[in-house]
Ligand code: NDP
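Starting off, we have a lone chain in the form predicted alone, written out as C-alpha cells.
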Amino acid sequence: MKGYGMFCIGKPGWLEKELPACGPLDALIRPTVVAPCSSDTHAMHGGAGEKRNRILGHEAVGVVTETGALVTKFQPGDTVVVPCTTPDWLAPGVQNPVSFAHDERPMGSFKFLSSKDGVFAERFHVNQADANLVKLPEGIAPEAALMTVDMMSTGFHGAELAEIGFGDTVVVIGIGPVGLMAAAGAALAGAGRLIAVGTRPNCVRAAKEYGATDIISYKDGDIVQQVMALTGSGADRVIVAGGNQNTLGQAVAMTRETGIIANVNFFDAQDVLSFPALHWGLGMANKTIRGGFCPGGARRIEKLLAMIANGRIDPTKIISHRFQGFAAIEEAFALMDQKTPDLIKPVVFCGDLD
C-alpha cells in the first residue's frame, strides 16, 4: 500500500509499505476524510525525535475493511470516527483517573505517528477497535466528526484542565484550530470574559464566533501587559494552545493568585521552560500549572459528537481549506507546514480510494 509520511527528518514523501496486520481485537480502516495537523509537520521537522519511514497522520474518518475475530461492535463497511489517541485499555496506565493518554508510557496512547504508521495511508490499523472506534452518527457530516478526534478533544481538554467556573476571566493564548476549540470549550464551560490572543484575521473572526469577548495581539505590545490592562488583577484561568518556550512564563505572569494555567501546547525537546519566581508569587501564590495530552477512546468522541448533534458547537468553522483526492494529502500537508495567512485547518476527502 501507499502512504504519505517521512523518510527521515526533513524529508517528507510517499512511502510504499506492507498492509498492516489485523490482530484479533483490531481493525483496518480505509480513510475517507483526513486532516494534517501541526503535530505531523512538527514530527517531520524532528520535534518528536528521530523517525524513519513513518507514515504520518492521526486525524481520520474512514470505512472498516477488516476486523479481528474478537471484534463485536464493528464490521466491514461501517463508517467510523477514529480518535487520534487509541489507548491500550489493558495497560495499567489507563487506570490513571486524570487522562487515558498514558498507557504503557507517557503519551503512549498516541500511537499514530508516534509508535506506528498513521492514517495517511490506503489502509491503517486501529488497536482494540471496540474501545477505540465510534460509528459515524446519522446527520453529522464526516468533516464535522473529523474535528472531534483531535482539535475539539485537545482544545476542550485545555478547558477541562483549567477547571473554568461560571463568570471566570479566561485567556486563550494561540488561536489556531486547537486554540479556537479551547476558546469554544471555555465559553461552553461558563467563561465570563474570554480573551483570545492571536493575529490572523480569519482566526480572530472565528474566535469571536466561538465566544471571545476581547482580542489582543503580540503585535500591539507585551501580551501580559495587555491582559493586566484589561483585567486589573490578571486572569482566573489561562489556556496555552500555542507559542514558544517563553509562552508558559507569560501565562504564569498574567494569571492571578489561586488561578490555573492549563497547557495543551507541544514544546520542542530542546526548549527550556522558565519564568521569574516573582511571577509565581515566589512560589506562594497558589497558581497551579497543568499540562495534559488529548485523552483517548471511543466514549470521549461519542460525547463530543453529541455536542455537534445537539447544536452546541459547529467545529466546521475552523475548516479553511478542502482538498479532493487521496493524492492531495501531500498538498494539504505542505500547506499546514507553510502556515499561510489564510490557513486554519485543511481537510482532505479521499473519495478516490476503494
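Note that the structure is predicted; figures quoted are calculated from it, not measured. A residue's number is simply how far along the shown sequence it sits, counting from 1.
One more form of this protein, predicted together with this ligand, exists but is not displayed; see below.
Participant: Using a 4.5 Å heavy atom cut-off, which stretch among 228-236, 195-203, 111-119, 139-147 contacts this ligand in the predicted complex?
Facilitator: Careful reading of the contacts points to 195-203.
Participant: My question is simply whether Cys37 lines the interface with this ligand in the predicted complex - judged by any non-hydrogen atom within 4.5 Å.
Facilitator: Yes - in the predicted complex, heavy atoms of Cys37 and this ligand come within 4.5 Å of each other.
Participant: Examine Gly242 and determine whether its closest non-hydrogen atom to this ligand in the predicted complex is within 4.5 angstroms.
Facilitator: Contact check for Gly242: yes, within 4.5 Å of this ligand in the predicted complex.
Participant: Should Leu25 be counted as a contact of this ligand in the predicted complex, where contact means heavy atoms within 4.5 Å?
Facilitator: Answer no; every heavy atom of Leu25 is more than 4.5 Å from this ligand in the predicted complex.
Participant: Is there a non-hydrogen atom of Phe293 within 4.5 angstroms of a non-hydrogen atom of this ligand in the predicted complex?
Facilitator: Flag for Phe293 set to yes.
Participant: Identify which of Ala207, Val178, Ala129, Ala162 has a heavy atom within 4.5 Å of this ligand in the predicted complex; exactly one of them does.
Facilitator: Result of the distance check: Val178.
Participant: Hey, which residues along 261-280 are within 4.5 angstroms of this ligand in the predicted complex, non-hydrogen atoms only?
Facilitator: In sequence order, Val264, Asn265, Phe266 come within 4.5 Å of the partner.
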